[in-house]
Ligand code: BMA
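One chain is shown next in structure tokens, namely the form predicted on its own.
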Amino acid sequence: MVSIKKFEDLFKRYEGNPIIQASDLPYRANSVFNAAAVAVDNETLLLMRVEDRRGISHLTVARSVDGIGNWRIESSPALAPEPKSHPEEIWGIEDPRITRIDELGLWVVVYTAYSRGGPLVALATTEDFKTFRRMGAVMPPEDKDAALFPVRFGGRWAMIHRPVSVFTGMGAHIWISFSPDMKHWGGHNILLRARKGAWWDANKIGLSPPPLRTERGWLLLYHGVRMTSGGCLYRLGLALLDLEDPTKVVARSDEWVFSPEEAYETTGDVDKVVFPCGWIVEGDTIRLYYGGADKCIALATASLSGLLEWLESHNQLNQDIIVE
């Protein structure tokens, strides 16, 4: 008898997915998705993107003791657009990523502000997720999918982001930039290039959750967008950066590690999308919070050591593969 090997998925979906839907909110909304995630006061805190029935997004806090159920959702937005004082937010604020900066004693929220000129990167800080201090726009449009590292490198803060040139057609790649004060950014360099052709991450990629520090390097989970005859398809892959020099990519996965399969991921406001903005590590377990089809929030778990081991054996940089 021929034995058939069962391939185990690196990420395991929570069987009770989705964990939060628009119907769970204490006020009326179209959808809830793409939530940042952090551990605060022995609880999981999600800063969720909520799209109202006008089509404008804001950010709302949800808390849970176990990070799975019994979510306590705030009755009003924690961070809502303020277009009068911040005109770059006129069409909403979206897709937050949160980084704890111990040096400053603050949480920094990096989010997409939807301006008349297109999406751009904006920052806000908070101590308690009740009051926020906006730093305003820090990158011009079109730019999004941004997050900070939690430490300085050579005295400078580092941010990963995804600018797009609508004029050159050079593709949508992941960049890294540096700043002395989180307001003025320079030292711009392409960090990961979108591959071309038939690759799962051809032509358009972007960061998912903030970079995660591990003993082997900064672990990145990023999304690749493939255009198919059936529309866009969002899938996730891994990369690893040098701990001391985050401009140095030491590993990049050849295959994707997570892809829309379940109904709540394949059908929604935007079909065939898994889009994480936050992950939390407890021991060796990663809890990944992601948006499903731009409609709901779902949860998957993975082994951190398992991801690193898999990436080592699936590192495209160590393979004799020509990528143009």
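Note that residue numbering begins at 1 and tracks the sequence as displayed. These figures come from a predicted structure and were not determined experimentally.
Beyond the structure shown, there is the form predicted in complex with the named molecule, which is absent from this document and is the topic of what follows.
**Q** Might A37 be said to contact the named molecule in the model of the complex, defining contact as any heavy atom within 4.5 Å?
**A** Because no heavy atom of A37 falls inside 4.5 Å of the named molecule in the model of the complex, the answer is no.
**Q** Within 4.5 Å, heavy atoms only: does V257 come near the named molecule in the model of the complex?
**A** No, no contact at 4.5 Å.
**Q** Is Y234 a contact residue for the named molecule in the model of the complex, using a 4.5 Å heavy atom cut-off?
**A** Taking the distances in the model of the complex, the answer for Y234 is yes, it comes within 4.5 Å of the named molecule.
**Q** Applying a 4.5 Å heavy atom distance criterion, does D143 contact the named molecule in the model of the complex?
**A** D143: no, not in contact with the named molecule in the model of the complex.
**Q** Based on heavy atom distances of 4.5 Å or less, which listed stretch (270-278, 40-48, 24-32, 61-69) is in contact with the named molecule in the model of the complex?
**A** It is the stretch 270-278.
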